[in-house]
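First, one chain by itself: the form predicted on its own, in structure tokens.
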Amino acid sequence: MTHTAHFKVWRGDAEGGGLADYDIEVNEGEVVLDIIHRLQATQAPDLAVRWNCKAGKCGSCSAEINGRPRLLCMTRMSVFDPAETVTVTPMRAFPVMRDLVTDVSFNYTKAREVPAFVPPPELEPGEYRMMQEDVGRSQEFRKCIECFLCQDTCHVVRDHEENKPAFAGPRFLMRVAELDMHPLDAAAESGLDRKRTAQEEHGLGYCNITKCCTEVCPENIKITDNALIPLKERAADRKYDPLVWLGNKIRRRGE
């Protein structure tokens, strides 16, 4: 069963561009990436798009479809009315390189700013032991495929370019949260306070938990509820809870 769909696809580069109109055949069971590939094969051979696995696991084909950040390979054409115009544009939060390809190097810069896992000094590799419950907590965050849709939809990054130097974004605050709740991470013993750095260096306070990052995550990670809110609570306890403050004072005095 086939029908003809009307597509609007953003064409251009860093200097500017606009939406180009295409009428294209759609077959049953296809996804938006199939249509983009057909456009490349039949009407727009120079159309640039980033993709790799076509299975929702590499995170490469991130774009915006009718204004919503999505993976092209995981968005079925059946969700659109046959008479509906499907508009495909590059991720808005990042600079356009060409057509649907954006420069996401901002995210790799932020990734390098998050200190890595600190192994416990008293244990050798292979001696690590964790409760299954603790494994499950962090395993959810390890499902991330680095599609950066959460980064794209976060209005702190999307609508305020000036925030980028001070704000890591939900993907990397989630990484900080994962490490902070890891029972074997020895960051505190090495002098690294992940809750303090989350607040002061990675911009945790900019996040106002609207859950837009959770809504677009293709892996259904509960970024806000399971990572960002608990991290905010722990950061607030560290900074404002009088009992925690007193305990830190006593601890420091005894050292």
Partner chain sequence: MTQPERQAWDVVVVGAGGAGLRAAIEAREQGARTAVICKSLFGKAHTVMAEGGIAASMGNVNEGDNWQVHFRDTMRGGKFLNDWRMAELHAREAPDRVWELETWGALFDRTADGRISQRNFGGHEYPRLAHVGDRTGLELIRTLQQKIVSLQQEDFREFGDHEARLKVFQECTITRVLKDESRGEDGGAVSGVFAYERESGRFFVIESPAVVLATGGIGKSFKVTSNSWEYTGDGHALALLAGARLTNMEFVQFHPTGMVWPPSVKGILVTESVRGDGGVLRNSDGKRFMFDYVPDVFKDKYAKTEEEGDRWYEDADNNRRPPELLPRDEVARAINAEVKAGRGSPHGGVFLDVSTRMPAETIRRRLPSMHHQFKELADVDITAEPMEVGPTCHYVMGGVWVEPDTAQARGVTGLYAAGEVAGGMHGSNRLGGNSLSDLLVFGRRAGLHAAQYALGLGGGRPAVDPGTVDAAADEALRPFSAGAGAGEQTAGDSGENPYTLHQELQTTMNDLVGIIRRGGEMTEALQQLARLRARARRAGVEGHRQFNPGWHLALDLRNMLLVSECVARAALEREESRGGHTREDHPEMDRQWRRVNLLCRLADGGDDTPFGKEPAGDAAAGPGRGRIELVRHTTPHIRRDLLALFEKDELAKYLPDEELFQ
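Numbering follows the first chain given and starts at 1. Here the structure is a predicted model, which is why all the values come from computation and not from measurement.
Same protein, other form: the form predicted in complex with its partner chain, not shown, and the subject of what follows.
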Contact of Ala166 with its partner chain in the predicted complex (heavy atom, 4.5 Å): no
Thr224 within 4.5 Å of its partner chain in the predicted complex, heavy atoms: no
Its partner chain contact at Thr197 in the predicted complex, heavy atom, 4.5 Å: no
Heavy atom of Asp21 within 4.5 Å of its partner chain in the predicted complex: no
Residues from 26-64 in contact with its partner chain (non-hydrogen atom within 4.5 Å) in the predicted complex: Glu28, Gly29, Glu30, Val31, Asp34, Gln40, Ala41, Pro45, Asp46, Leu47, Ala48, Val49, Arg50, Trp51, Asn52, Cys53, Lys54, Ala55, Lys57, Cys58, Gly59, Ser60
